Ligand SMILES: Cc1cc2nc3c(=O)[nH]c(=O)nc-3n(C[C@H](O)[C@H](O)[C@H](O)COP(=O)(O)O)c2cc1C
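Before any questions on how it binds or moves, here is one chain, the form predicted alone, in structure tokens.
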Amino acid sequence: MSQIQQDPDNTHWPDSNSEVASQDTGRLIYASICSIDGPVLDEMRRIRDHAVHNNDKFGIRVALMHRCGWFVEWIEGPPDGIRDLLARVSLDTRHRSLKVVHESVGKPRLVKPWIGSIAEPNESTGEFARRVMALHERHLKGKGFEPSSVWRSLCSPLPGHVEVAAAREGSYQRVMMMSAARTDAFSLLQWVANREKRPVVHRRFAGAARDALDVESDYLDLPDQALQGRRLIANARKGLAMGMTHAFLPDYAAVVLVMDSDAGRNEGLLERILTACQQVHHQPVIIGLGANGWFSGALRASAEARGHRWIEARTGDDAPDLSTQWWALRQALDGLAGT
């Protein structure tokens, strides 16, 4: 990952009362073939500027992904508002062959008027299209999955066909990693990928205009680890201020704090992680990863006071290398998975 600016400190969402709403809402996801002639990122920024201005006044929240020449859009809000938006976007010449892959009423996940991302493809357009059609057909038969599972099936799929991946959904161990300083979480992820000879998938997320700058997030699948597979997701610290991180935070079994020798940095990042978890009403295990001297009773006390289990993945007395970090972290993750 390139060196990128990190932060800001704040995880609040000024346009959505700073937490996920509890009441049920309409939810719809569709996929369509991109017809844009030119840079997709530039067009998505124009879409963002329009959506941020218009969506919030209708109570609509949208996540838009471009992958493999397709758009995937997840919409939440009042059912009438969703239908009106769908009628408008169906006439948009920037895409075609729109297929609804999910529609339901249930608990919301999206908290911003607009969230956008571009994913680096690790499959062919034909493979992606087959997964779209499989989900579309399930939807028509009334056998669809939860919206977060549908989104992942298209935008960050588990290994295997839709049906195979769906069977592993509930037991796949998802772990978010964030570093207290620099881009250490990304370096560790890349080292593990090289060791395991597995590809890293690169994504870039863009939030509403008031958010931080675009955020990078990489993930690595380790299908032979844990009970049914493991996914490591490296996120930048500033990702805690963006809606997509919060939308999927409830699916993480653990959040790894890749620690630094600076105690203030460790405590500051932990507080931000705990605040984000509190806003989405989720209590993942928090794993501190670092040298013996970097741990303190204050870290454990802060995590446990908010109802989180705190695990220390200690690497010894010296500043750890990547190999030692992975050894310590894998012991902790395997313990969580019961392997």
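So that there is no doubt, residue numbering starts at 1 and follows the sequence shown. The structure displayed is predicted, hence computed values, not measured ones.
As for the form predicted together with the named molecule, it is not shown, yet the points below apply to it.
Although the named molecule is absent from this view, report whether residue 92 comes within 4.5 Å of it in the predicted complex, heavy atoms only.
Yes, contact at 4.5 Å.
Would you please decide whether residue 285 lies within 4.5 angstroms of the named molecule in the predicted complex, comparing each non-hydrogen atom pair?
Although the named molecule is absent here, residue 285 would stay clear of it in the predicted complex, with no heavy atoms inside 4.5 Å.
When the contact criterion is heavy atoms within 4.5 Å, does residue 50 count as touching the named molecule in the predicted complex?
Heavy-atom contact with the named molecule at 4.5 Å: present for residue 50.
Using the partner position in the predicted complex, report whether residue 279 sits within 4.5 Å of the named molecule, counting heavy atoms only.
Answer no; every heavy atom of residue 279 is more than 4.5 Å from the named molecule in the predicted complex.
Selected contact from 151, 71, 205, 186, since only one has a non-hydrogen atom within 4.5 angstroms of the named molecule in the predicted complex:
None of the others qualify; the residue that does is 71.
Which residue among 303, 313, 62, 29 has a heavy atom within 4.5 angstroms of the named molecule in the predicted complex?
Exactly one residue meets the criterion: 62.
Stretch in contact, per heavy atom within 4.5 angstroms of the named molecule in the predicted complex, of 50-58, 304-312, 291-299, 267-275
Going by heavy atoms within 4.5 Å, the stretch is 50-58.
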